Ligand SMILES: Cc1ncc(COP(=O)(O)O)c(C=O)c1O
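Let's start with one chain on its own, the form predicted alone, as structure tokens.
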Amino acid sequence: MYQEIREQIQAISVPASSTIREVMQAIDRGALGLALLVDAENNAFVGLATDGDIRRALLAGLGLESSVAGVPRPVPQTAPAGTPSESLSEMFSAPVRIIPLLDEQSRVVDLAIMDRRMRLPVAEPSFGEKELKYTAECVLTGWVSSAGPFVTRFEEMFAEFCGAKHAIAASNGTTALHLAMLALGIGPGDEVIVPTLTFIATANAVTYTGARPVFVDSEPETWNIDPAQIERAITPKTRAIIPVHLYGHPANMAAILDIAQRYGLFVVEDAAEAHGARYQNRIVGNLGDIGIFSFYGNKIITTGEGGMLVTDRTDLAERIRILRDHGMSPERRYWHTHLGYNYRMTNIQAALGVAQMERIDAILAAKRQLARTYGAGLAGVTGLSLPPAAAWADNVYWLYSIQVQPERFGMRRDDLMAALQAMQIETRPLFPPVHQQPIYATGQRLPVAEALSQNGLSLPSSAALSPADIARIISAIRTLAGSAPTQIQ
């Protein structure tokens, strides 16, 4: 690697007395849009010339044989070799995209190049040419609102993907979950069992109907709702269970479905984070009465905002479609038979969804490869526990999330997050348990979920991460593990 950098620097370096022609040739050799100007005797850095500098000089009347010394150039930004990445990132700006790194003799030994990968985000969308093509088609044809062919096409593709008879697009995952509750007749006086370790939308969708969410602890093996605790939470008011396939790992659906059948309860799968995950080789979302998915910008596939409901029950699908569109009768326009909602997805959002569905297998393969790379690189780090991977499950690793055991790792979860942030590596804590949120505070003690939340964090998990990006994250964590104090005070 060092040899390649040295050769690149040599290729774009020219004496400060060079002609514009010679500088242009150096710029062409390097494909970085600039040449380094150095002292001919000691190779010390003198300045740099960009292709923009040269273009402006030629337009001003200088010739190809003119000395580059006569070309107006801004004062370049430089930094000593070994400058931390976080300091370099603060030096970058729109005009400053490359910073020469100098040794003690002022010679260029490396180049810091502005790159969006300087900071590694936890999640980001993966877009290609099809996304641009299909959304442009919506704009050019005028079909940008909730009517249009991409909505139907997206629903058909997603239903096939999930092996479901019906898929109904919604404006986001939360409204999809609200529609599921409404379609099942959940309302005031009812109780719905939900895991406490989830994003708050799971509980909110229940509350929107006037029903009460009842919080259940997690099982340590999968981080998902503990079936053994569900049965203890059932009362005569219980109408449904919402298992969440947290962070892409399926919940223990056989046990949950068995409980639901014995007590006559509905099962609504919250698969917002689990597109393509499988339970006993069956895709999640279509194992209960209704399944919902989210297409928010950080999800496995995205429509910006958006959601989907899937079901094999035609009666539920028909009711959901009516409730989604203002409660309007499908037979008579502007005739409203139910209290409905405007929870529709737009055609331009669905265009993104269609393009994403055409690539979903590749995106899922990238997520699984990311997990394999993380797993191999972080294996054996004392005090770290890797994500769940039950033998009966196929985890899609929406976010690659780990647990930090402070006493063994030598550093608390929050301290590790802060240290990684200083290295331009974004992380996120696991969701706070909903039973501890101010609007739902119940005074319950649900120790497994509380511990998982307190010690868990998610690492950068985008399908667009390169092997070098992941290696950088692994190296940072292993380095911090090695330097962590052995005892927590």
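Position 1 is the first residue in the sequence shown; the rest follow in order. All of these numbers come straight from a predicted model, not from anything done at the bench.
This protein has a second form, the form predicted together with the named molecule, left out of what is shown; the following refers to that one.
Single option in Gln403, Thr135, Thr198, Gln356 placed near the named molecule in the predicted bound form, where near means a heavy atom within 4.5 Å: The residue from Gln403, Thr135, Thr198, Gln356 that makes the contact is Thr198.
Partner-contacting position among Leu177, Ile168, Ala251, Ile300 - heavy atom within 4.5 Å of the named molecule in the predicted bound form: Flagged contact: Leu177.
Mark Asn395 yes when one of its heavy atoms lies within 4.5 Å of a heavy atom of the named molecule in the predicted bound form, and no otherwise. No, no contact at 4.5 Å.
Could you confirm whether Tyr296 comes within 4.5 Å of the named molecule in the predicted bound form, counting heavy atoms only? Yes.
How about Val244: is it within 4.5 Å of the named molecule in the predicted bound form, going by heavy atoms? Although the named molecule is absent here, Val244 would touch it in the predicted bound form, with heavy atoms inside 4.5 Å.
Verify the contact flag for Thr311: yes if a non-hydrogen atom of it lies within 4.5 Å of a non-hydrogen atom of the named molecule in the predicted bound form, no if not. Answer no; every heavy atom of Thr311 is more than 4.5 Å from the named molecule in the predicted bound form.
If contact means a heavy atom within 4.5 Å, which one of 336-344, 124-132, 268-276, 95-103 is the stretch that engages the named molecule in the predicted bound form? Contact criterion met by 268-276 only.
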